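First, one chain by itself in structure tokens, the form predicted alone.
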């Protein structure tokens, strides 16, 4: 009997693993878009696209994404009247059970509009902020550290002007994802635009007083670059920092190198 149960369990494991590999390697995998609600609105003078699973209320956690392009590398067209949003971002709303609010914003804007975006979802259990290819998450963490439960940045860094004039005043939990060979958002920073990734992450680690760290390696996708995660902990506040380093030139947004959305969402869920 034990042998039979073992064989059944092994078969189930193999079938799940094969299905996961199929999903990871195929960017055209079908998502039941009828399970998602898409809404285009204007909040605080900014265009937004709201995506959420049909069967959850707006009491679900809220993830606000700030980017200069609402399409975020288009992968799907759910309805003609709503701007396209990234395939994987929408897919992970179903997996993570949260509401996604993508906000279009130009570089250098005052981050105060983010408070109005959060207030547009008064029943959300928690709110998190992620910036894509810009430093909004860092600036907001400096200027409004209590507004969001945790912050994230993908392929961005602290903008030069805030880095010159502002500083972190309170510990915050922060996760950063960056490709070392990103040609646009360079790891070492962009002159006149952004600080380096090391300086950006280091500033948060310093205010948190994270005195310990541990680096681990993630399983990369087949044929993709190595991914490592350095986790900074040990601060009295309990706030921590994670830095995902991707050995490639990919921007990191599209889940191509590793399950970036799952990693970020898991970090958010812990805060």
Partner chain sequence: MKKIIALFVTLVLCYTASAGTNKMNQTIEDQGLTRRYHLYIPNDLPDGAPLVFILHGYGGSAESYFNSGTIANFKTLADENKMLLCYPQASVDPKSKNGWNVYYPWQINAMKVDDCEFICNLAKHLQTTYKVSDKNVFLTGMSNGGEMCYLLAYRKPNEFAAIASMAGLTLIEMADRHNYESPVAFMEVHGTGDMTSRWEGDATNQYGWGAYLPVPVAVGAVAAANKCVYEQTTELPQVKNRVILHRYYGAPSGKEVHFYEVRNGGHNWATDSFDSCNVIIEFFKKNMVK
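Source: prediction; values computed, not measured. Positions refer to the first chain, counted from 1.
One more form of this protein should be noted, the form predicted together with its partner chain, which is absent from this view; the next part is about it.
The partner is absent here; in the predicted bound form, the one residue of 42, 212, 237, 215 having a heavy atom within 4.5 Å of its partner chain is 212. When its partner chain is considered in the predicted bound form, only one residue from 94, 199, 144, 149 comes within 4.5 Å through any heavy atom, namely 199. You can rule out all but one of 111 to 119, 127 to 135, 97 to 105, 189 to 197: in the predicted bound form, only 189 to 197 has residues with a heavy atom within 4.5 Å of its partner chain.
Put simply, residue 164 is close to its partner chain in the predicted bound form: some heavy atom of it is within 4.5 Å. Contact check for residue 180: no non-hydrogen atom falls within 4.5 Å of its partner chain in the predicted bound form. Residue contact check for residue 244: none of its heavy atoms lie within 4.5 Å of its partner chain in the predicted bound form. Residue contact check for residue 219: none of its heavy atoms lie within 4.5 Å of its partner chain in the predicted bound form.
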